[in-house]
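To begin, one chain is listed below as structure tokens, in the form predicted on its own.
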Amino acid sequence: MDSSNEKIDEFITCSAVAHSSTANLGPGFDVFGLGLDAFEDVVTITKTNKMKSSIPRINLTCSGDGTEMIPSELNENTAGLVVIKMLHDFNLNKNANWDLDLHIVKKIPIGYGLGSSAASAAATALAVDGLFNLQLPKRLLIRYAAEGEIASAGTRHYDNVSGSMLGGFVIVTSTPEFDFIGLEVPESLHLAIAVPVMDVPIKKTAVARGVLPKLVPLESVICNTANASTVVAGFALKNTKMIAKGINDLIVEPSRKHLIPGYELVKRNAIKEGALAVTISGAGPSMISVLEDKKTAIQVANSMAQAFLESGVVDTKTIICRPSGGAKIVHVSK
């Protein structure tokens, strides 16, 4: 009998979960990230032994809503890029006697500014780490997760992947090299998210970055710096009202608001119903409100959905959430 046709039943599986996130929080463009327990992605990687050593085959599959938008080619897929980079850097695919099955369960809406690609990337980095027992520090795991953002945004971004990997509020730097500061969140912090169901470009982040101004007034820079400092102070002092006071962007958001139908009405409705602050979640089109209690958050979410409806968006998903914990391994088997 040809041994290559024998059934292979030896395997190792590692599953990891990472939550959604929001980036920028108004003035913190490419710097602030906040993990959200609104949605989650689960990535499972199974290593299956084979009889002969060779270059490993990596099979990618996806399930969940919107997966028709996800590239099936490894080098064009968020999770695929993470796996390729980690296997290469740690020399794991040299003379390998195994293949990998990579499966992504998508629960985070794709292309709506809630860190969908970042969550898949974060969960994948953690799953590879667990599968091969690399025991990498979180800083390095975030750097590998950021590799996945190249597939969706065209370049590495650390804000969403840091929020998904670490949970809570994260301040990131990317020059001269990546680093982060994580802060705990106030117990009172609640978020109301309105996700308008509408057609979004496949490379939506690149489109949203394409409308940004090349030059901005010095006064706007000064104001944004003050506002961003207020947001950081609010998290440091665990003061939700102070956080909300700083969520006001004079540079990026004014350039992007035309991409979101009903932006002004959504914001007015939310403030009228008690939101402390309202901003675009990441590159949009989702919008997110900051509040101190769940009851008000529900009222605000409903008002945001109504504003989108009045602006021509037939369907809007709303969710009330809090900041999330970090990504974690949820299953390992041999």
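Quick note: we count residues from 1 along the sequence shown, nothing fancier. The structure presented is a predicted model; accordingly, all values stated were derived computationally and were not measured.
There is another form of the same protein, the form predicted in complex with L-homoserine; it is not shown, and what comes next is about it.
Student: Name the stretch, out of 35-43, 292-300, 277-285, 58-66, where some heavy atom lies within 4.5 Å of L-homoserine in the predicted bound form.
Tutor: One stretch meets the cut-off, namely 277-285.
Student: Residue-level question: is Ser324 within 4.5 Å of L-homoserine in the predicted bound form, judged on heavy atoms?
Tutor: Ser324 lies outside the contact set for L-homoserine.
Student: Looking at the partner-bound form in the predicted bound form, is Asn160 within 4.5 Å of L-homoserine by any heavy atom?
Tutor: Asn160 belongs to the contact set for L-homoserine.
Student: Is there a heavy atom of Ala18 lying 4.5 Å or less from a heavy atom of L-homoserine in the predicted bound form?
Tutor: Outside the cut-off, so no.
Student: Under a 4.5 Å heavy atom criterion, is Lys257 part of the interface with L-homoserine in the predicted bound form?
Tutor: Heavy-atom contact with L-homoserine at 4.5 Å: absent for Lys257.
Student: Just give me the single entry in Arg209, Lys245, His103, Lys85 that has a non-hydrogen atom within 4.5 angstroms of L-homoserine in the predicted bound form.
Tutor: So the residue touching L-homoserine in the predicted bound form, by this definition, is Arg209.
Student: If we check L-homoserine in the predicted bound form, which of the residues in 183-207 reach within 4.5 angstroms of it by a non-hydrogen atom?
Tutor: Residue within 4.5 Å: Thr205 only.
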